[in-house]
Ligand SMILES: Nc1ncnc2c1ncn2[C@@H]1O[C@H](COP(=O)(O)OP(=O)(O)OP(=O)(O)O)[C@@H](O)[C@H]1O
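Take a look at this single chain in structure tokens; it is the form predicted alone.
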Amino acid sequence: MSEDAQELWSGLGLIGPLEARLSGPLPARVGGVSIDTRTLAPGDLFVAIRGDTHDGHDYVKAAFDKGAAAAVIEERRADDLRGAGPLYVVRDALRALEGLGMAARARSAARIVAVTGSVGKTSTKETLRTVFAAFGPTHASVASYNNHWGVPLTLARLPRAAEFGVFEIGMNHPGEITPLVAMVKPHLAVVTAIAPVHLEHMGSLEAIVDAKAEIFSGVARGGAAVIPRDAPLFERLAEAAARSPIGHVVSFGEHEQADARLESCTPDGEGSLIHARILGQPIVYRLGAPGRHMAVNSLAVLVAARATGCPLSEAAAALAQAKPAKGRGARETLTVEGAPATLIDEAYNANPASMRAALALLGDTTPGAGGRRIAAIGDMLELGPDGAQMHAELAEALEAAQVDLLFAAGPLSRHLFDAAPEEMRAQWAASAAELEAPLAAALRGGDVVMIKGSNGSRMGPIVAALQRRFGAAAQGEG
């Protein structure tokens, strides 16, 4: 039973928010909400949502086999599924999930933070989760559940007992954030960064700023916004916040006028030692996750913690426990021919800003004896007509990071490969799958290898392949 081992929702209490009729016995309670039988826990409510490729109704019987307490289904399938178990029958399962999420938000007394931005959303959300957990029960989005189904699902899972809630809100097109933040109704909104992401859909950086600024529309009147002072078009973002119901706007970054300012960031093992000034107060703390971009976003976390009533010094101390997530800078020690090497997993997604941050992180990592810095890069997608140029422009970041070898996959990354210094070019392949074998063959002890690309470029399987071949589990098999 997920989230709340006792009761997340009573069986009777579900009928109103779902606007459902009951078919079959009334469940006594449900302990969680799921839309995926692969992660469903016994006692969960299964919501049969229709996706782009799958219809959740086809998995209702499997959900009951795994111990679901009940299922939400649509009228169109009510006859097919009658008798499968306790059923809440609705007109539209996604709309029903939204209703349940809004009911959870209405009954909650938690202090709520919403996070958006072009890059760093999930890492900042996870860092906020870590900090708030030091002060009380905290509920936050799973993985990157930040879209039209992820946000209401996360809301529907919000326990009554939560004292803090952290919600990630994403977008690919204008107008997507407004309805999501209207459900979340945060007390505070954090915008992590503005960068040329989804330009294929958005068209311009101004359009991206305006779309991210939609998050301000749902903030509780008198609430606060925490925005990046270093971002391009900062004034445009600040003006949008000022026009909203928000009562306070706080900036963060390295800019001399930032309200929360990063003064220095020194690599410290697998983290960073940070000197900063938060609303005029000097502070020194250790962040458990490495990278200057993580250090900058930790300022926003501290501002959010202070704004929600957490003592600044205790919040800063909690940052030592923050760790990079899988696909977002997580590190693993590999064993290559008996010697250690370092894998940096940045394979979850990519855009020019996050790619530069990841390369800077690689540059800050010292290889072992005889080792090299290796970058394995896949295509950055949805960049529009300037995509080829944006890839080629990363050659400067490769040199700044003192990368020794570049492995690249995909037609767009070919432009980066060709622009890189000749002595750096190790291998280009048309697809990530074709890059896997030559990259593995090139590794040796002491190397640091960073893997990054957009989801669609399929760099994640390369990470998994290296883990299978050189990771702890593989060594144990010997």
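We number the residues from 1 along the sequence you see. Model, not experiment: these values are computed from the prediction.
There is also a form predicted in complex with the ligand; it is not shown, and the following applies to it.
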Looking in the predicted complex, is the ligand within 4.5 angstroms of a heavy atom from every one of R373, S413 and E436? no
The listed residue (A353, L405, M102, A238) that reaches within 4.5 Å of the ligand in the predicted complex by any heavy atom is A353
Position in contact with the ligand when the complex is considered in the predicted complex, options S217, T365, Q321, S144, heavy atoms within 4.5 Å: S144
Determine which one of 389 to 397, 343 to 351, 149 to 157, 272 to 280 lies within 4.5 Å of the ligand in the predicted complex, judging by heavy atom distances; exactly one does. 343 to 351
Does any heavy atom of A357 come within 4.5 Å of a heavy atom of the ligand in the predicted complex? yes
Residue-level question: is S123 within 4.5 Å of the ligand in the predicted complex, judged on heavy atoms? yes
Is M294 close to the ligand in the predicted complex, meaning a heavy atom pair under 4.5 Å apart or at it? yes
Distance check, R328 to the ligand in the predicted complex, heavy atom within 4.5 Å: yes
Can you tell me which bits of 209 to 242 touch the ligand in the predicted complex, meaning any heavy atom within 4.5 Å? none
